[in-house]
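Okay, so here's just one chain, in structure tokens, the form predicted on its own.
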Amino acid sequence: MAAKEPDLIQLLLQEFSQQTKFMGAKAGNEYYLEVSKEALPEVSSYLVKHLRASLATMIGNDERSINGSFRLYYYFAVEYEEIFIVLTSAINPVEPAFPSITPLVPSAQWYEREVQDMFGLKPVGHPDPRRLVLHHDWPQGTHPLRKDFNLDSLEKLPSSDYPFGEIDGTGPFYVPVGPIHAGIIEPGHFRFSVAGETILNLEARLFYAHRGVEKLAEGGSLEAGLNLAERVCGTCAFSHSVSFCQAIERAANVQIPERALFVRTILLEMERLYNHIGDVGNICAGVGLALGTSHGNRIKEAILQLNQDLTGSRFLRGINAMGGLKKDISDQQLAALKTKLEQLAGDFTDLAEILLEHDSLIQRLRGTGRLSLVAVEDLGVVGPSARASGCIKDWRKVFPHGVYGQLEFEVAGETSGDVLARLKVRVNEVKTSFDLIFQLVSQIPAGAIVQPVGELVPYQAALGWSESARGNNLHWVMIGPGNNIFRYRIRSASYCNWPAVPLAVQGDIIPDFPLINKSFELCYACTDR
């Protein structure tokens, strides 16, 4: 618990004495404030502008069976204090509406649209009240995350057109791309507005493959929830499972064995390695540089095979447990891992030197797909995409998890915000990941690998997080009776970063889009859930 957190709470209570009430601290560093819904925009704006907090996630919840209302939770991260200030407000089912905070806190834009889709709670004053998650073949008045939703009674409507925005003036030409693409990738529809070759605007229509993960988790066991968490995203399976486990462990106030924390941290860095190295190769594919693509894929494949050797899963599934690990990794395996990674680290260093000295590649990447620091901060962009634009935040440092707080490392960052900057950040983070794994292997202690969680008190909730290769993944879990899940909320890094892609392509040309898109390397599946 940070030393100065009462001062911030007292400051808020003094500033908004009539509209707020302190509800106490939970899970160590989550400080709850009950706020009248009318005051949500003003209090949220004060947190961002005066206390330098950032909106980490927003959760809607159907708590009518508990207290007769819907409820909103806005989680604001105060990184310099390592705390979360949670603004929570009850919404009367008779008047299911609340004032939107998006005009003052733009990063809330998708959260509030999703709450409208999934719970039927209208964000009054939202600048873009169109549907987000539910496409237009869903009947009006259907809200899947309400507890009384019945999937069997759902009748789909004929598909209708999405109301894309229009460009003012004469002469713009509209170019649709997707949702079915030439490659074997997930579906996304991109509508470009162009004048000649220059992109004036891009609208990205996603959420074509909604699986209902959060709904599937309701009423299920914690173990079933962990199984779902590992399948939110193929390439970030381990970081998602860490976030879920941490949420349960924080709710249960369980101390994880140190060896388990070391192994988790090693595997988080292994996941970062194969993602970043694969991303470097994908950026090369975007410009047709076959050498970079081939060697990126070769090194990535070698790391995936190491994952298989260590855990039995290329994507690191099936090893995490609530309270620690399901199985250990022996010291002999870790020693062999270090030897193999030393060779791969040399291979990657050679590849990076070739790429960053390749004039044609540098000229193609420099200045392409610029994303400003202002846009990053307004939209709440996270991970390498934020750090490449000068927002040097890494939750391995600002909210340490695993054993990151015991490790020595620098956070990579750039300022130009273009494709080249995003490439450089990944290259530097790969080098850091190799170094961190070597530190971890040399320092790992012996001991137990799991601490049983036990029975949890119903209707308590906690947030769990991890810094994945794309940025921080946040999982919020409210426990129900019998150690089952009452509400499960997933906020992936890709969910934060997708709204930034349309801004990054403005002023570029359509052939730049695949390259710019690859430089963000976002996931459709964990955005959609």
Partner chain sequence: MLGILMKSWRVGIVTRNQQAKNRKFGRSWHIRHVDCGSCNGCDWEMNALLNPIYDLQRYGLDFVASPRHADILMVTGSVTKHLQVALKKTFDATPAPKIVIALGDCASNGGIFKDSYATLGGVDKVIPVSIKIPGCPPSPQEILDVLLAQLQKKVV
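Positions refer to the first chain, counted from 1. Keep in mind the model is a prediction, meaning the values are calculated, not measured.
The same protein has a further form, the form predicted in complex with the partner chain, not shown here; the description that follows concerns it.
A.B. asks: When the partner chain is placed as it is in the predicted complex, which of 426 to 434, 73 to 81, 291 to 299, 257 to 265 ends up with heavy atoms within 4.5 Å of it?
C.D. replies: The contacting stretch is 291 to 299.
A.B. asks: Using heavy atoms and a 4.5 Å limit, would one call M118 a contact residue for the partner chain in the predicted complex?
C.D. replies: Looking in the predicted complex, residue contacts with the partner chain include M118, since a heavy atom lies within 4.5 Å.
A.B. asks: H358 near the partner chain in the predicted complex, any heavy atom under 4.5 Å?
C.D. replies: Heavy-atom contact with the partner chain at 4.5 Å: present for H358.
A.B. asks: Quick one: is G183 in contact with the partner chain in the predicted complex, heavy atoms, 4.5 Å cut-off?
C.D. replies: Although the partner chain is absent here, G183 would touch it in the predicted complex, with heavy atoms inside 4.5 Å.
A.B. asks: Can you tell me whether R317 touches the partner chain? I mean in the predicted complex, with a 4.5 angstroms heavy atom cut-off.
C.D. replies: Yes, contact at 4.5 Å.
A.B. asks: Quick one: of A412, V441, I91, L134, which gets a non-hydrogen atom within 4.5 angstroms of the partner chain in the predicted complex?
C.D. replies: If I apply the 4.5 Å criterion carefully, the residue I get is L134.
A.B. asks: Can you work out which of A448, V175, A209, A335 has a heavy atom no more than 4.5 Å from the partner chain in the predicted complex?
C.D. replies: Comparing distances to the partner chain in the predicted complex, the residue within 4.5 Å is A209.
A.B. asks: Would M23, N67 and L456 all count as contacting the partner chain in the predicted complex, using a 4.5 Å heavy atom cut-off?
C.D. replies: No, none of M23, N67 and L456 comes within 4.5 Å of the partner chain in the predicted complex.
A.B. asks: At a 4.5 angstroms cut-off on non-hydrogen atoms, which residues of 493 to 529 are near the partner chain in the predicted complex? List them in order.
C.D. replies: Heavy-atom contacts to the partner chain in the predicted complex: E521, C523, A525.
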